[in-house]
Ligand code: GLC
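Next comes just one chain, in structure tokens: the form predicted alone.
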């Protein structure tokens, strides 16, 4: 999940609300009960034209959440799955960007909209409030997966409907986020990769001097008081969320982007973050492949400049390989230095499908190692041996069903069928044990984060269908 949920999280409580009582772990589900329970959550989270990730914490529409949700919904109601994706188009910016958040328009959510003020950019959509940043380009994957449920004539109509959105979005990525035409996209905020407090990004954050007001909060230990008023703390124990000082620092970065009206040229002039993120670019490689599938079905040509740019990305990914540690890393856009902080991103080249079988085998060995990515309930979001590892702390340890789904898909593509089956089984076992939370303790399988989480439910349905 993407933690701009932040402006919301730091909101002072205006209404009296009951103090949250931490519920006990849910009663385990039998395998035969999983699909029905997952479908129930998707129905409860249905907002008409999109599915909210969590009723208790995330009321708006998030980009890759809706993509993952549609992948599961297609097995239940293909028309509803299509609506989940077409609703993302309403938030597309005039320059082609798909924002990570489309805000609800009720007055109750005015603060969230004001925190971003997307309308200050001339590129923002008309009459729709959004964030000013993007998220991993999962849309092409979701469009193709939904298309698989349609007969060829209907599939062509579906692809034709989504084609302009996809072409505009992929063109924006290469036009705006690959300014040197190297083939890799850069990101300007960790919320753009969705793995919000993942070590590669947080380690870079700590390289920079915190603003004076945040240093004062830290020195006076006012973060302890702020914790009492964090919105997410009403729904989730604070020890399962972002460190408050880091939340404040990332919110400050977001304010800098807003001050520059989300103009990438101004942002890159004095950017705090400009990272060629491994996870994002692996998903981009796969998205490009799916765009070519759609192109072939429609007999449409991808614009030549976009096609040329897309061809570079798979080759450039190899420059993120470190021969000393035998793994891939994200890279600083300015210095081209690898950011050597291991995380689950190291396994995402399996999903990209562009690496050699030999390197895929090296990554699979990391997945097999119980001191790296192979505890009882894999896949942890950082290796167990990492000094960052905390089994309860958001993207610094817990296992997530969406990243498991990506890795399972990659394992299948490289022919590691037994590994894919084993990870599918342990993922479903984890869900059966603890329900459908946002994330899980990879050691115990305990549920963590928000409950009744949409993509956990949707991808459980997909995994069950593809067993």
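Since the model is a prediction, treat every value here as computed from it, not as a measurement. Numbering follows the first chain given and starts at 1.
The same protein also exists as the form predicted together with the ligand; that form is not shown, yet it is the one meant from here on.
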* To do: Verify the contact flag for residue 135: yes if a non-hydrogen atom of it lies within 4.5 Å of a non-hydrogen atom of the ligand in the predicted complex, no if not.
  => yes
* Give a yes/no on whether residue 441 approaches the ligand to within 4.5 Å in the predicted complex, heavy atoms considered. => no
* Should residue 196 be counted as a contact of the ligand in the predicted complex, where contact means heavy atoms within 4.5 Å? -> yes
* **the ligand contact at residue 53 in the predicted complex, heavy atom, 4.5 Å** => yes
* Asked: 41-49, 28-36, 60-68, 414-422: which one contacts the ligand in the predicted complex at 4.5 Å, heavy atom to heavy atom?
  -> 60-68
* Structure fact -> Answer key: of 377, 280, 262, 394, within 4.5 Å of the ligand in the predicted complex (heavy atoms) is 394
* **Stretch 439-467 - residues with a heavy atom within 4.5 Å of the ligand in the predicted complex** => 453, 455
